[in-house]
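Below you will find one chain, with nothing else, as structure tokens; this is the form predicted alone, and questions on how it binds or moves follow later.
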Amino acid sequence: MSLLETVLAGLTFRTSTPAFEAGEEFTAYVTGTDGTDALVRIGDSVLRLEGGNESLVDRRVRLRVESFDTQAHEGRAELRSVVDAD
């Protein structure tokens, strides 16, 4: 491995439209609602939390991705728990 390869190892570029895999679990902030579901926006990608309500807005939640459309940059996720306390 050259010196340049060593320096650049692990270096990646971030995208404004991250993609997710079904079953992936992580924490994120709920950024809003669409009147029916709570929305988590990560960059320009949107995950809908089925059954989420306005009380979750601005709260940090643990979620599990159920499905994600990489062309539309939208998906559905299951709310696992609310991470932060009031």
Partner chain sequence: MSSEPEEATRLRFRGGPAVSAVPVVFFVVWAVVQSGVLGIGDTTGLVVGMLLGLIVGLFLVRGEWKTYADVVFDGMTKRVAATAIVAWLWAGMFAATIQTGGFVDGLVWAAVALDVGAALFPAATFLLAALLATGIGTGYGTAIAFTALVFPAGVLLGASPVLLFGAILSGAVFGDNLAPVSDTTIVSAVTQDADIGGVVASRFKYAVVAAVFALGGYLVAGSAMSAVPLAGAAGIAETARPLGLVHLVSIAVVIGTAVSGRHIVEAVSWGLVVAVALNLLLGLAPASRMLVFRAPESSGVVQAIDATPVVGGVVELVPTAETGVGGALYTGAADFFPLIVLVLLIVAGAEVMQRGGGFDAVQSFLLDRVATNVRRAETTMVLGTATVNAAITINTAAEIAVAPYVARLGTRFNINGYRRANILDANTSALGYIFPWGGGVLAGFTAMQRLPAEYEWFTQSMLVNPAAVWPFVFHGWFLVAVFLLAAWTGYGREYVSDRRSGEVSRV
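Positions refer to the first chain, counted from 1. Everything numeric here is computed off the predicted structure, so don't read it as measured data.
Keep in mind that the form predicted in complex with its partner chain is missing from the display, and what follows is about it.
Using a 4.5 angstroms threshold between heavy atoms, V40 counts as touching its partner chain in the predicted bound form. The closest heavy atom approach of T6 to its partner chain in the predicted bound form falls within 4.5 Å. Its partner chain is not drawn, but in the predicted bound form it has no heavy atom within 4.5 Å of S67. For the chain shown alone, R48 is not a contact residue for its partner chain in the predicted bound form, no non-hydrogen atom being within 4.5 angstroms. Residues V57, D58, R60 of 53 to 73 are found to place at least one heavy atom within 4.5 Å of its partner chain in the predicted bound form.
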